[in-house]
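Here you get one chain, nothing else, as structure tokens; it is the form predicted alone.
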């Protein structure tokens, strides 16, 4: 590791877990950890977890910390460091997260939308290093997006650009946590996937999905579905294909609007692998404008589950 490297603490704030990492300016993760977000108990509890995790990273490090970067869901005011109405963090409203954390540690703190942070991480350190423009989609508890155009993050007028998870693919569809209906997140978020599979239990009892967990439905996770699909379980394969097709339809709308056809897919649910990527690409090709079809390309995030940490830390070094 270069002696000239600077160091930042990256915080990836999710609806289920908060991930923390000490990251160098060349993208190397020196140390990392995670804590439950405790999102259901409100913002005070979540902020307490953030402080706990950041404090532990700082105490374990023996280098100067140049800044703290936080990737958070919801609409972010980069200048004010506020997080507003994150769909999977109940009771937040508008929280001045940046000021709270900066005051706690007396370290320069930057806050950005989590998917935007992941997109920056992929642009600097990952699958987007050689790309001028792309759209990042993150699949986890929720569905996020980040738009990179000419090597710059596009935030929109208020910082809300890239909320791909809240594109509606069915105006009479399922209710989403954001308050709307038919959002792609209502079909593709981790909790929604599990809910849908559990709903099929009676009709799909013979599936390997349920055999792998010995019919203990509390053990059902996307990883179990992926394992069943790898063993050619038809039901698991259909779950992944249907998921990818829906996401592909949403991304076709993004491509038609922005004329951006390279999609980088990250987040925990992206662990479904090549089968999911192919289904997304096929869904996109089915719905994009004819002139865009040859250019459609869907690739996996290189930074995997560390994209959020590395992207958040890069907020300290990246100047848009």
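Take the two forms, superpose them, and find the largest set of C-alpha atoms that agree within 1.5 Å; that set is the rigid core. Note that the structure is a prediction, hence the values are computed from the model and not measured. Residue numbers count along the first chain shown, from 1.
There is also a form predicted together with a further copy of the same chain; it is not shown, and the following applies to it.
In the predicted bound form, at least one heavy atom of residue 170 sits within 4.5 Å of a heavy atom of a further copy of the same chain. In the predicted bound form, a further copy of the same chain lies farther than 4.5 Å from every heavy atom of residue 224.
a further copy of the same chain is not drawn, but in the predicted bound form it has no heavy atom within 4.5 Å of residue 30. Contact between residue 164 and a further copy of the same chain in the predicted bound form is found at the 4.5 Å heavy atom cutoff. This chain is drawn without a further copy of the same chain; in the predicted bound form, the residue among 44, 36, 26, 259 with a heavy atom within 4.5 Å of it is 259. Of the candidates 157, 106, 202, 218, 157 is the one whose heavy atoms come within 4.5 Å of a further copy of the same chain in the predicted bound form; the others do not. Each of 133, 147 and 246 is positioned with at least one heavy atom within 4.5 Å of a further copy of the same chain in the predicted bound form. Stretch 248-256 is the contacting one of 248-256, 61-69, 274-282, 47-55, since its residues have non-hydrogen atoms within 4.5 Å of a further copy of the same chain in the predicted bound form.
Once the rigid core is overlaid between the shown form and the other one, residue 191 does not reach a Cα shift of 2 Å, moving by less than that. Annotation for residue 87: C-alpha shift of 2 angstroms or more between the shown form and the other one, rigid core superposed.
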